[in-house]
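Here we start with a single chain on its own, the form predicted alone, put down as C-alpha cells.
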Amino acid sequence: MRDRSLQYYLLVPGFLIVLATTFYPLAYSLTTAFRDWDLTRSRRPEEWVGFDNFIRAAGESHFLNSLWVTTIFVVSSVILTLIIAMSLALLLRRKGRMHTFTRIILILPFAMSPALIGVSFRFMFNPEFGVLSNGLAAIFPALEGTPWLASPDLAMAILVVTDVWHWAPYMTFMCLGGLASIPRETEEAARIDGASNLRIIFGIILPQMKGVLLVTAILKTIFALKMFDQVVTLTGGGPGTSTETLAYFIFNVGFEWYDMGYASALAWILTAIMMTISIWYVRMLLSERKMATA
C-alpha cells in the first residue's frame, strides 16, 4: 500500500515543473491576450479590452501578410519534405553497407541547430564568396552575381530549401519505419504477376503508407508553422516582409514593438491554427482506420 502511494509522490516534482513551465505561461498569455499591455508604459498588464486585440489582427496588413507568407512556406515545405522523405526511404530500405552508411549520414542535418543552418546557408548563398552561389554560377553562368537573398521569391525558395534539408532526414526515418511494417509477400506476388516498380509503389506501397504519411504530415505542418530560427539567421524576414512568417511577426510585435497584449493574441491565433490542423488530421486518420477495419 505504501509502495503504491510512493509512485504518485514521486510524480509530484515533475508535475509541478510541467505546471510551472507550460500551463502557467499558457494561462497567463491567454489572459494577456484580452488586455492592453504596452511594455514601454507598464510592467504589468493594464485594462481589459476584450476581443480588441483579435479584431485588430483581422484588419492589419502586417498580420495578413505574415499569414500568407506562412501559408506559402508551410505548403511548399510539407509537400517537398514528404516527397523527398518517401523517395529516400524507398531507396534506403534495402539492406547493405552503403545503405546503412547513408542512413547514418542522414542523421547529421537533423542534428544541426536550425539557427546554425540559417547562418551557414546565408554564407553559402553570398553572391561574392558563397560556395553554393559560385557553384551554381559555374554550372549556369547566367546566375553569376545573383543576389539570392535580396530577391523575395529566391529568399523564400532558399528558406524552404533549408527547412526541407533539415527535416527530410527525420521524416525519412519515419517512412522507413512504415515501410518495414509492410509485408513483403504482397510486393513479391505483384512482381510475379508482372507489375512494374511504379505500379507497386502507387498501387501497393503508398496506400499502406497512408497512416504513416498522415502522421508525418501533421508533425511537419506543426514544425513548419513554428518556423522562426532560420528566418532570424537567414533572411531576417526580408527582403521587406517577404519571408516574415507568423512566428517571426509575433516575436517582432512582442519584443520590438513591446505590444505584449497584441503579441499574446497573435500567439493564440497561431496556436488555434495548429490545433485545428492537428484535430483535422487526426480525425481523418481515425476515419481511415475505421474504414480499414470495417
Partner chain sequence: MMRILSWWAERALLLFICIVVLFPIAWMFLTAFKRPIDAYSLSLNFTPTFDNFVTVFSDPWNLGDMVMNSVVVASVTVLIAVPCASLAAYSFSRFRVKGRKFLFFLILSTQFIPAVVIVLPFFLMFRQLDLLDTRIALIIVNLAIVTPFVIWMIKGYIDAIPTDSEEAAMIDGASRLRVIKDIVLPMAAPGILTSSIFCFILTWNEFLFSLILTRRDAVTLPVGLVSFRTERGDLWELMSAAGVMITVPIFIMALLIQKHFTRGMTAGAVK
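What we label the rigid core is the largest C-alpha set whose atoms superpose within 1.5 Å from one form to the other. Here the structure is a predicted model, which means the values were calculated and not measured. Positions refer to the first chain, counted from 1.
Form predicted in complex with its partner chain: not shown, discussed below.
Although the partner is absent from the chain shown here, 43, 131 and 173 each have a heavy atom within 4.5 Å of its partner chain in the predicted complex.
Using a 4.5 Å cutoff between non-hydrogen atoms, residue 26 counts as a contact of its partner chain in the predicted complex.
Within this chain, residue 210 is remote from the site of its partner chain in the predicted complex, having no heavy atom within 4.5 Å. Its partner chain in the predicted complex is approached by residue 267, whose closest heavy atom lies within 4.5 angstroms of it.
Though the partner is left out of this view, residue 37 does reach within 4.5 Å of its partner chain in the predicted complex, counting heavy atoms only. Interface residue among 192, 180, 142, 98, judged by heavy atoms within 4.5 Å of its partner chain in the predicted complex: 98. The partner is absent here, but in the predicted complex a heavy atom of 115, alone among 79, 72, 150, 115, sits within 4.5 Å of its partner chain. Stretch-level contact check against its partner chain in the predicted complex with heavy atoms at 4.5 Å: of 60 to 68, 237 to 245, 223 to 231, 46 to 54, the positive one is 223 to 231. Residues are counted as partner-facing when one of their heavy atoms sits within 4.5 Å of its partner chain in the predicted complex; in 108 to 123 these are 108, 109, 110, 111, 112, 113, 114, 115, 116, 119, 121, 122, 123, in sequence order. The rigid-core alignment places the CA of residue 280 less than 2 Å apart between this form and the one not shown.
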